[in-house]
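Take a look at this one chain, the form predicted on its own, written out in C-alpha cells.
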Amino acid sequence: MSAYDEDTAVKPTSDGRYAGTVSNRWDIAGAPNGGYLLAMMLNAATNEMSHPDPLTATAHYLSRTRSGEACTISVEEIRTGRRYSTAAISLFQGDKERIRALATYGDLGSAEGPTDVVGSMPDVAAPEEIAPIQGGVGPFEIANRFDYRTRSALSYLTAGDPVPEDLEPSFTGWIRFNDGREASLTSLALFADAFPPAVFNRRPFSWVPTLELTVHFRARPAPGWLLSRFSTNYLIDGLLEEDGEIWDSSGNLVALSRQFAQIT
C-alpha cells in the first residue's frame, strides 16, 4: 500500500462517522499539510454521497490538527439532487473540531454542456529535462513523499544556493508521488497544496499556515506526471492568496485551487 493510501485510510464507526489517524509523513515543520487533511476528509465523504466525484470542496482550518493522533471525521449529506449532492464534513480530534468543509459532488464521467477554454497548459520543459529536487527540504517532511521537477526558490534552496531577489511569486513545476502511486481525483486536494507556497520565491523562510483552501475538481487525472502552476499576486497585511492550476499528462486541466493563508 502506498503512503498516501495508508495515511488517508478511514474506517466507518457509525452512521456518517469515520475513524482515521493523522500521519506525520505529510508534515510541514511539525504540522500536517492542509491538502492532505482535506483529501482524507473527502475519502470519508465519498463513501456517503449520492454522486461519485467531488466537484468542489472548501475547507476552513479552525485550529491546528496534531500529527500522530487519531481523528474522527463526520459526514452529513445536506442536499441531494439529480445532478449534484452536497456534504458538510468536519474533522475532530477528541471533542475539538479542527477543520470544517463543504463539498459538492457530481459525476465527472457523465458531465456535458457548453465548453469554452481560454487558458492552456503551461509550455515548459519536460520533467526529464529538469533536475529532480531531493526530499527532506529543511522542515518539510512532506517533501519526502514526492518527486518534484521545478525551477523556483525550492531548487535554489535544495542546492544550497542563495535565492535570487528578482524572482516573481509564481512558478510552474512537475510533481508525482515518489513511490509510483498514480494520482487519483481526491488526491488532487493534496497536490493543490503539495508545493511550497509561491511566496517562498520572495520570502523563502516564512511560516504560511492555511486559513482556507478551495479545490475545484475538473477531471479525473490520467496516469503520469502532473504539471502545476501557482501564483500569489497580493500579500497585504500578512494575508495572501495563492491561485493554482493542475494539468495531467494528457494535457487536461484536472484541478483549480485558491488558498487563503497568513504569513508570519
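Predicted, not measured: the structure shown is a model, and the values here were computed from it. Heads up: residue numbers just count along the shown sequence, starting at 1.
Heads up, the form predicted together with another copy of the chain isn't pictured, but that's what we're talking about next.
Although the partner is absent from the chain shown here, E212, D237 and R258 each have a heavy atom within 4.5 Å of another copy of the chain in the predicted complex. Of the candidates E129, D116, D166, D95, D116 is the one whose heavy atoms come within 4.5 Å of another copy of the chain in the predicted complex; the others do not. When you look in the predicted complex, the only residue of F177, Y84, F171, F140 with a non-hydrogen atom within 4.5 Å of another copy of the chain is Y84.
Of the heavy atoms in Y18, none are within 4.5 Å of another copy of the chain in the predicted complex.
At the 4.5 Å threshold, heavy atoms of S120 reach another copy of the chain in the predicted complex. Within 4.5 Å of some heavy atom of another copy of the chain in the predicted complex lies at least one heavy atom of T232.
Shown alone here, L62 lies within 4.5 Å of another copy of the chain in the predicted complex, counting heavy atoms only. Segments offered: 220-228, 66-74, 49-57, 22-30. Contacting another copy of the chain in the predicted complex at heavy atom distances within 4.5 Å is 49-57.
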